[in-house]
Structures are given as C-alpha cells and as structure tokens.
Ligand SMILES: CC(C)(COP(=O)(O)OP(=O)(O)OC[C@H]1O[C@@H](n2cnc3c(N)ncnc32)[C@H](O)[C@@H]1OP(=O)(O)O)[C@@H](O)C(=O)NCCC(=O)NCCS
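One chain comes next, on its own, written as structure tokens: the form predicted alone.
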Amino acid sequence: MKSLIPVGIAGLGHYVPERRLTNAELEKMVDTSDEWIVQRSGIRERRVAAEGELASEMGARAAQEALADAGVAPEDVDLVLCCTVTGDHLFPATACEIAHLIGAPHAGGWDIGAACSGFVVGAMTAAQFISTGAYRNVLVVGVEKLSAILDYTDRTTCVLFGDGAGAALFTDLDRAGRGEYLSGSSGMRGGNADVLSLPAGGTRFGTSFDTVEKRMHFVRMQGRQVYRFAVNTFAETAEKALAPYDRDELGLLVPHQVNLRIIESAAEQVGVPMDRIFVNIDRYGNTSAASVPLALYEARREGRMVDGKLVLCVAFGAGLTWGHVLFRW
C-alpha cells in the first residue's frame, strides 16, 4: 500500500471590500442599536462589497495573495475549490471564474456549498487529493457576498453578516514547510432547512412574483436554534479533535466567526481560555465560508500562530453542517 504524503499550507491570502457598514449606520436603516448588536453578537462593523463587485473577483484577490505567499505560479495550480453560497451564478461554478481570473489554465475545480462549514470541508478535500498524490497544488478559496442576499429590513439577520474572502494554498508538507494537516471531520443533520436558509431560488421554490413578494430570496434564520446548535457542536467537535493531544499543545483555536457569545460559551465548555482563541468578528461580522480562512490569515499576520503548536479550526452552519481541520504550525 502506498504511504500517504504529508500535507501542509504553503500560503494564505485574504480580501475584504473597502466599505465598512457600522452599527451606527444600521441604526438608521432598521430598528436596532449599536448596544443591542454588540451585546448579542460582538459585531461593531462589517464589510460590504461595492456595487458590481463579484464574489469571483473577491475570491481571486485572496487567491492571488495566497499564491504569492506560497511562491507558486498560477500555472502550477492543479485544483481550485471555491467554498461559497453566494457565487456569481448557480452555474457555472465560481471556481471556474476564479481560475480564469488568476490565470490557472491547467486547474480543475468546483464549488463547495456547505455554507459556514465550507472552508473546513474544502481543506479536508484538498488534503485528500494531495495526500494520495493525485494533485500537488490545491487552492481553497472561501468567499461570500452575503450583502446580496440580506434583507435590510430584518434586524435579526442584516446586522450579522458581511462580505469577504480568504484563501489557502495546500501542497505537500516538504514544499509548504508549515501548517501540517493532521486531521479533519465533517458532519450534518438534515431536516433543518428552515433553521438557516435562503428559501427561494432553487428548484423547490423557483423565482416568481409570489416568492419575491414574500421576500423569500433573502436569508432567514431562527436565532435560538442556531445558538444552541452552534454552542454544543463547537464544544463537542473541538473536544473530539483535541482528544489525542495534550491541551498544552494547542496554540490557537480559530473558530468560524459566527457570534462572539457562541464562541465564549463554547470555549468555556471546552476549557480553552479566550486568549488562545482568535476572534475578528467585531470587524467583519459573519462571513460564512470566508470567515475561517480570513481569520487564519489575520492570526498569522498578528503573530498568533506559534511554531510547533496546534491550530484548530472549527466551523458549523446551515444544513445543519459542521466540521474541523487541525494543523500543526
């Protein structure tokens, strides 16, 4: 039996739109307040894509930075995985557009629609292809333009989400020299489509005067159910991922930036102090599939990734889905 090839992260990249949408601005748009938003979510501002700015363009910007960081030419990319629920089109895949924009003519690719769990699923997928020797360079991009599907009259959702992109270039560990992939997991619990969803636009509820009138083309969420699911899932997933290791080996926990209160509650259950958890939700809100790679990028930039220590990423989202990826930096 052929031995598996160790996998690492060779480069990280990010992109966020210039426009900041603050809580003070939202106070003028919907019945809310800065105090209400901060107390319930920890969010103070989020980024919003410019008019006409595409998800593929944001993803390509992050991808280009990841490739430059890795020192890998676009021509050497074998596979592009785009993790998104707000792609340019239902089809073709936004991964195809990103590959074209960055000039990766030899790459295959497709989109991964696991919502907020998208990047961890994409990272697991990349690791499988590299570890078996099928591909050498796999680019995983998490990108969302959630502002396009938000109802800015619904204070339960429009205050939570933002736009942005993050990317990671996976390759064999010898070449990467860092970010050794150790493990990953994914799970889902069906029958919860009404908990967090975009009701219309698919084949269940196509576009019609009725769906538009009922505002079914915007995000809908049942906040209490999401809160309970996220806290419990976060804690259980982190505990299982860390079980084979001493807790002292954990350098940083990088969760999906869903809600500061959820992160704090789950951290308490797991017994990980907040100074070992990276949080940037105050500046970006929940960027769904972009949140984990965007946080990874910023954590490294701020010197929070300690050589030889574990970096655990945990995510959970619509579906309901969840997963983790564990690295040794």
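Everything numeric in this text was worked out from a predicted model, so none of it was measured. Residues carry their position along the shown sequence, with the first being 1.
A second form of this protein, the form predicted together with the named molecule, is not displayed here; the remarks below concern that form.
With the named molecule left out of view, the stretch that reaches within 4.5 Å of it through heavy atoms in the predicted complex is, among 157-165, 118-126, 72-80, 87-95, 157-165. In the predicted complex, no heavy atom of residue 205 sits within 4.5 Å of the named molecule. In the predicted complex, residue 253 stays away from the named molecule, with no heavy atom inside 4.5 Å. Using a 4.5 angstroms threshold between heavy atoms, residue 223 counts as touching the named molecule in the predicted complex. Taking non-hydrogen atoms only, residue 269 never approaches the named molecule to within 4.5 angstroms in the predicted complex. In summary, among the residues 176, 112, 196, 238, the only one with a non-hydrogen atom within 4.5 Å of the named molecule in the predicted complex is 196. In summary, among the residues 258, 104, 169, 146, the only one with a non-hydrogen atom within 4.5 Å of the named molecule in the predicted complex is 258. By the 4.5 Å heavy atom rule, the three marked residues 131, 185 and 329 all fail to count as contacting the named molecule in the predicted complex. Annotation for 307-327: interface residues with the named molecule in the predicted complex are 316, 317 [heavy atom within 4.5 Å].
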